[in-house]
Every structure is written in C-alpha cells, then in structure tokens.
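Below, in structure tokens: the form predicted alone, a single chain.
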Amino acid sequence: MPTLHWLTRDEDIGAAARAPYRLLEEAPELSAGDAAADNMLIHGDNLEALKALLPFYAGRVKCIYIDPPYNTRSAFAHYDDNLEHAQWLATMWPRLELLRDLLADDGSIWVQLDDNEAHYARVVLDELMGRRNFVADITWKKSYAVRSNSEFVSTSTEHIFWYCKDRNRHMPNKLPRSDIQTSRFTNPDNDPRGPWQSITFTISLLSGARGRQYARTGTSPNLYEVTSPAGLAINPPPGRCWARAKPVFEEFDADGRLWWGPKKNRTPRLKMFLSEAEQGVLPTTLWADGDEYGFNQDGVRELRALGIAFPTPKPERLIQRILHIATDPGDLVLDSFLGSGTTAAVAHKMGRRWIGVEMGEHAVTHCAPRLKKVIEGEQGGISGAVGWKGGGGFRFHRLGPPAFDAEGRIRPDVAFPVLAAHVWFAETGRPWTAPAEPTPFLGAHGGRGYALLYNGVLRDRSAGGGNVLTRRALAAVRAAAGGFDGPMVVYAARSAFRDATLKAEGLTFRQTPYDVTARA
C-alpha cells in the first residue's frame, strides 16, 4: 500500500510510544452536575491526554469525531492554525495512532478537514486504519454565502472522512426520513394501505447473467405482454424487461400494488408503501441541506445565544447526524480537539457518554461554561429536536505529572488503581476496570493471571506495605484469585522466592517500577 513520507516521519511514528503516561487530576471546582456521571472534560495536550486514557479506555470508544486545525496558514485567537505541512503531519500521526487504539472494534472515527490537508490525511488514515476500513468521504456544505474576497473560488464545502475499526463488525444506523423524503409518499388512488411512492418495475436486459442469456438466445422469461386496466397492451420499453416473472406480476396486480397512471394506461410501476418501507434511510456522501446538517453560520449563532464567541464552530445538527449514524444511547464518544465543546454538548443531549480534550484555555473559558449550561437544560441547538431538559454531569480534569519520574521510579502519589491499570494494559493491551474494593489479583487474560503488590493493597503495616512477594502475600493473591489456578505474573517491589520456587509455583516475577516502565 502506498505510504506518505515527510521529513520527520521516522521520528514521528514513534512519538506515541515515547509520550509519558501522565496522571489525570480532577478539578472539582470546574466539574458540574452529577459527580458520578461518566463524562470527562480534560484540559491539556491531547497527545498526553490520549496516552493517559489508554489503560482505562482502550478499545471502548464507539465513536471518535475530531475537527483538528486545518493548517490554513492563518492564526486564530484560541489556537495556532499555522503549522508547516510536515509539522502538521508530525502532530497528527501519533494522535491518530492513539485514537485508533482507543476505538472499539465496532466503532468508527470521523475526521473533518478542508482541502489544505485533507488529501494527505486520507493517505495517513488509510495506513493507520486500513484502506479496507474506509467507509466514505462525506462532503458537507459549510456555508450558504459566497465569499467575494476569495482569490479564485469561494469554498463552500469540507471533507468528513469516515473510517471504521473493523468493517466486518461496523453496523451504522440509518438516518431518519426527512420531511422532504416523507412528502414523496402520497395516496392519489386512496389506497387503504396509506401513502406510497412508485418505483420502476422494469430492469435492464443488457447486464449480468440475464443480459448474457438474452444476447445468446434472444429470449427472457420476463419478456411478456400485459394488459392495462384501460385495455391497452403494454410491453417493456426497448432494452428492458419486467422486474418479475408473469405469475408474480399477476399477484401484484391483483393486490393493487401496481400503478398504471391516473388514466390506467401507462407502463406499470410498483407501489412502495410508507408503512412497509424501512424507517431509516442510508446516508449519502453529500450533506448540503442546511435544515438537516446546518451551516457554520448556525454554529456561530448557537454559541452567540449562550454568550460565547468562537471562530467557525460546527453546528449541533451536523454532529447530531454523525452521532446518530455512529452510536446508540449510552455509547462512549470522544473528541480530542474539542474546540468550543460542540461534540460533548451534542453527545450529552443525545444520551451518550463522552470524553472531550482541549489544550487551550477555552477548556475553562468556553467548554466548561457551555457544558454547565447544557446540564442546566439550555434550549439552543438540537435541544428541542431531542427533547433535552437538562441533567447529568461531567468531571473536569487536568493533566498531572507523569506516573514515573525521570529515573523510572513510581511517583509516591500514584494510587493502586492507576498503577494497576497501567500494568494490566501493558500486559494485555486491554483497559482495566477497577473493582469496588481493590485486591492484589487484577484478573486473568489468555489463561494467565496478573497480580500487583503495591501501595499497601494487602493492608500490611510492615516495611514495604506488603509490596514484597512472600508466602503470605502469595496466599493472599491466591485467595483473591478465587478459583483461578493457572500461571500468574506478579508485580512487586521485591521477591523473597528463588527462581526454582517461582517456577514450581507457576509464577513470573516482575519488579516494580522497572518492569512496568519497560513494558509501558
């Protein structure tokens, strides 16, 4: 597969691995609503924030939407959108790599860009996500106004690249029918089955197996003459045949499912009743209807109504359409370029869980106040359409210090669940869910158990707080493991066992912190 090369590519593709695991520190004064809500607003560099999320959320995010800086060679008040091309790619590669790792197997990522970097990003996404997992390049009409000060052409569209994690498992939702689409169903003959629209009842004779048979023999089982209710003999148009064999045609006609025109003398068409049609419709790759998808001007007005100013915010209707296609209520949504907070606001109103990451100060000045208004029940954007009345909450976090210092030592303020999540993720590549009461046994994966002796998890008041692998500690680990009796990896500060004893007990000893940092 073709790959994109730039000056610092070899260094950039290792940036995600080199990023430190940082702690997330809650700022209760900026959190809002229900403290138990599973929503997070994170203030800090999104590369390090995504790395901090990996041990807890890898493979759990159903939908990722990002609207990263477009590299438009212009400066905005809230972020620098003036990076050189190679710098932009160096910024995006490690972040896209971590976003891919956070995505659930049945999830999808949506990346919105304009022509400045979109086509380069498409090649990078093909490499990271797999070209087979490309779903669509959606064209969104962002503006209804013409910019007369443009140099050659007034751009009115942007790209939204839609990729899935695994095409075999991705099952997106269909969109609801619009009022325009529903209006196409009428009932001119007062059919008791209700409104309908007609579709063609002929197909081409010139393609596929039918075409080869017709070319060879000059016949087709669906070439027959029919008589209209007005008594007119009708044959299929030249080069076409009926869509069904004659017995099926007669069944449809007897059931009143054929439309012969108002004078009952036209080539028949098949009725498709609204009551029998699928409730949803497939999305198209052209999103140009402002009533359905919104314009940038709508996003500006939505924020202005909340007393917030921000350059080119996306309208809530656009994000609503994406989340409708990609998620169901309760699913987890992530936006690591949160901007003014639109993705989080829409996800909240739609009953999705969400994580938003924003490095600029507007995480405090824009995002947090906006999301507090959502919790209070603000009625802008999509609120009326989804029946939003308020509720829920979020926790505001800032990036804290790295979990390990420059010498590889575990920082003393690292709690047991944090280190346990890192150990589990380093060993299994999966997120770890902390139990209500911590135990030294973290769980089993692939027929192997994992345990961590750290920070007094055994409530041992002796030196080291029970962080040494001894007979007593091993007994506690075995008890916590319940019925698991397979081989086990134990992380501890020190082991009191000889190698022969470890082998006899089916144990692999890893010393903290050194083996943790080496494997992380």
Ligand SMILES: C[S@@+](CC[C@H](N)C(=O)[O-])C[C@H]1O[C@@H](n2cnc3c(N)ncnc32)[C@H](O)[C@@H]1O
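Numbering starts at 1 and runs along the sequence shown. Quick caveat, the model's predicted, so the values are computed rather than measured.
The same protein also exists as the form predicted in complex with the ligand; that form is not shown, yet it is the one meant from here on.
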{"item": "Partner-contacting position among 317, 348, 142, 362 - heavy atom within 4.5 Å of the ligand in the predicted complex", "value": "362"}
{"item": "Partner-contacting position among 340, 71, 327, 108 - heavy atom within 4.5 Å of the ligand in the predicted complex", "value": "340"}
{"item": "All of 46, 310 and 358 with a heavy atom within 4.5 Å of the ligand in the predicted complex", "value": "yes"}
{"item": "Proximity to the ligand in the predicted complex (heavy atom, within 4.5 Å), stretch among 257-265, 332-340, 287-295, 147-155", "value": "332-340"}
{"item": "Residue contact check: residue 95 to the ligand in the predicted complex, 4.5 Å heavy atom", "value": "yes"}
